[in-house]
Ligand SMILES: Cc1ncc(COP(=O)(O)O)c(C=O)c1O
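The data below hold one chain only, encoded as structure tokens and taken in the form predicted alone.
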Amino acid sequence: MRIPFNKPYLTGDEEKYMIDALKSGQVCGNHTYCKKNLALMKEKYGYDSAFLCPSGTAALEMGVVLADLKPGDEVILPSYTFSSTVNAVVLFGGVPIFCEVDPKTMNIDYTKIEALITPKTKMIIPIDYAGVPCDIDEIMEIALRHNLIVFQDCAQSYGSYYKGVPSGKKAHIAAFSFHESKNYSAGEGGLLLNNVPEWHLRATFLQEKGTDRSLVINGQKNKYSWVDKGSSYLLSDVLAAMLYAQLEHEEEIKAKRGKLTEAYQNLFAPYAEKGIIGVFQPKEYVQLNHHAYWAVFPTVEARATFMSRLKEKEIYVYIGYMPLHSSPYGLRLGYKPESLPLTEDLSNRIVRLPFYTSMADEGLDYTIENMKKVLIEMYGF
């Protein structure tokens, strides 16, 4: 049996909805299925000022523009994240300031943020790694004291909760991803969530190429004009139709993925208890969407052994992110690997395990059985 790292999941309604969207003759953004998705999100999570985008990357870029980032503005973010997070900053002239992570979650270590704040700091961009919400209350307190904007990168945490509040609702703005690797997928797709009421109208302009076309659609104007900078931050209604088929089955998908989390937790518990292998430790007030599972091995060599032996059994695990601070672009910015020693060390030892919805129906037992054999070979129990 072959177990890939990821496999897109289909609920069975995607084709029907996508054909319906095609036949409607309205296949660009903000039409029937876009509206259906936004209505569903508003009803379920209270996401009011929300904008479907072509990707999570586009949502990040739109959010940075909405936050009015200027050239030279500094933005604090973890080095352990995907390039899209930092590209949204540098594309508009911002200066990334990388922060260490909390080894219990691999999210930004909020206790290290304040020391990085300078008069040039404009924004903090925490991420929700593996779908685990960051310490948003503490981060918002820091931001309030220093008059900073918090832009939460929720690419992996759609459907997670922090202290009973849906992911993304406590920050000023938040970005989600509906890439094929996420729990709920449009193939490509994203969402920008705005929680600052006075920013809503401008967000509609940014999404529509910097025009006030939204006012024409709403009957407030007869013709639209160019009023701001912007881009085409719109998700095609065809892809929105695919997404709607996924979100209609959100709880079913979450339940299936929860079986994977439970199985991995049971597998690694004996090794975590003895301090041999580290696993993520979300706070008790976090409710997971079950996006991913990771483990940190004691040495680089142990990780390599685990990965290679599983590959022999056609079970494919992944190394995780390459830290941004020690990447070629990070080095050009003046960082060195030793600039963030904890992030560097953990990234060299972390493993992301295969995690996809249909694995709950086929492949989970095979994966756990063979991982257990490999761990016994490596550690004797």
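Numbers for residues come from their place in the sequence shown, where the first is 1. Everything numeric here is computed off the predicted structure, so don't read it as measured data.
There is another form of this protein, the form predicted in complex with the ligand, and it is not shown here; the text below is about that form.
None of the heavy atoms of Leu77 is located within 4.5 Å of the ligand in the predicted complex. Put simply, Gly63 is far from the ligand in the predicted complex: not one heavy atom of it is within 4.5 Å. Under a 4.5 angstroms non-hydrogen atom cutoff, the ligand in the predicted complex has Ser177 among its neighbouring residues. In the predicted complex, the ligand sits within 4.5 Å of a heavy atom belonging to Phe82. Residues of just one listed stretch (217-225, 148-156, 116-124, 292-300) have heavy atoms within 4.5 Å of the ligand in the predicted complex: 148-156. Of the candidates Ser339, Asn348, Thr57, Asn30, Thr57 is the one whose heavy atoms come within 4.5 Å of the ligand in the predicted complex; the others do not. Note on contacts: among Tyr356, Tyr321, Tyr45, Tyr335, the single residue with a heavy atom within 4.5 Å of the ligand in the predicted complex is Tyr321. Residue Gly189 is the sole member of 183-222 found to place a heavy atom within 4.5 Å of the ligand in the predicted complex.
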